[in-house]
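Below, in structure tokens: the form predicted alone, a single chain.
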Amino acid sequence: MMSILIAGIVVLFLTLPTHAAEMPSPDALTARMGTAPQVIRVHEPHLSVGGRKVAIEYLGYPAGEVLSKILGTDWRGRAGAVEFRALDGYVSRIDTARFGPGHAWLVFARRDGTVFTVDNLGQNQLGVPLGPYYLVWDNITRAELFAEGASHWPYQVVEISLFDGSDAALRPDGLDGDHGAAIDLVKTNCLSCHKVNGYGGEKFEDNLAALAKARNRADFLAWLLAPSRLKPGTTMPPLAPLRAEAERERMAGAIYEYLEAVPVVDPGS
């Protein structure tokens, strides 16, 4: 989403992803890569709850190498983020700088040959299909990634693209104060499923800023921190469940303060 000023009126328009590519089948990808799939062992964030670390071994390829094959070897210099689109409308936009050598992997099977699914405990879902592709991160070698949970772990990935769009929709005229850190939190933790002023994922149509303004602070923070407690069986995951409780509460407060402050803008206007 970008904005321009014409005759004193802010006009918002959508900046589309560039160089979109459908993911080939795993067999076709293996043929293109020219090598056998590799094993990556990770602490599966969807299973690692209650202080446990559950290790799973997957088969796939380093994400950077896959992106070079599909989007071109110069993909890092052509856009600020890579967009991963899932079957259910989940959209994950991840800064290209995060894709260091060996950090991320696109996987398509479990090493032990069992069914390629996961129990997404944070969202009360069992046996969730992960295919055709699942983006995982080496959060064992890079232990600092474990605390991030599953925020950058899209599954059911069917399309990848380079994304160089503006997030101006998240910073419309009338937004007072410095909310930069909170906007980053919202982008990481909320906008793969939800939208603010048209920017974000495609699982839900409602404007998250409008939803937040309709709730008081205590109710909204309770929803962010423990959605299953308020609505048993919900697929809404708790905010940053692997972080310390005080940090989770700080994050939730910053998110609410931003959503309360940001003007609600019709992206079609």
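In case it trips you up, residue 1 is the first one in the sequence shown, and so on. Keep in mind that this is a model prediction, so the values were computed, not measured.
If you look for the form predicted together with heme C, you will not find it shown, but the lines that follow are about it.
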Q.
Is it true that Leu47, Ser92 and Phe116, all three, sit within 4.5 Å of heme C in the predicted complex, judged by heavy atoms?
A. no
Q) Considering heme C in the predicted complex, which of Leu208, Leu59, Val42, Ala63 comes within 4.5 Å of it through any heavy atom? A) Leu208
(Q) Between Arg52, Arg32, Arg217, Lys231, only one gets a heavy atom within 4.5 angstroms of heme C in the predicted complex; which residue is that? (A) Lys231
Q.
Taking any heavy atom pair closer than or equal to 4.5 Å as contact, tell me whether Thr235 reaches heme C in the predicted complex.
A. yes
(Q) Given that heme C is not shown alongside this chain, does Ser166 nevertheless sit within 4.5 Å of it in the predicted complex, heavy atom to heavy atom? (A) no
Q.
Even though the partner isn't displayed, in the predicted complex is Asn197 close enough to heme C, meaning a heavy atom within 4.5 Å?
A. no
Q) Hey, in the predicted complex, does Cys193 get a heavy atom within 4.5 angstroms of heme C? A) yes
(Q) Looking at heavy atoms inside 4.5 Å, which stretch does heme C contact in the predicted complex, given the options 127-135, 99-107, 185-193, 70-78? (A) 185-193
Q: Let me know which residues along 114-133 have a heavy atom within 4.5 Å of heme C in the predicted complex, or say none if there are none.
A: Gln123
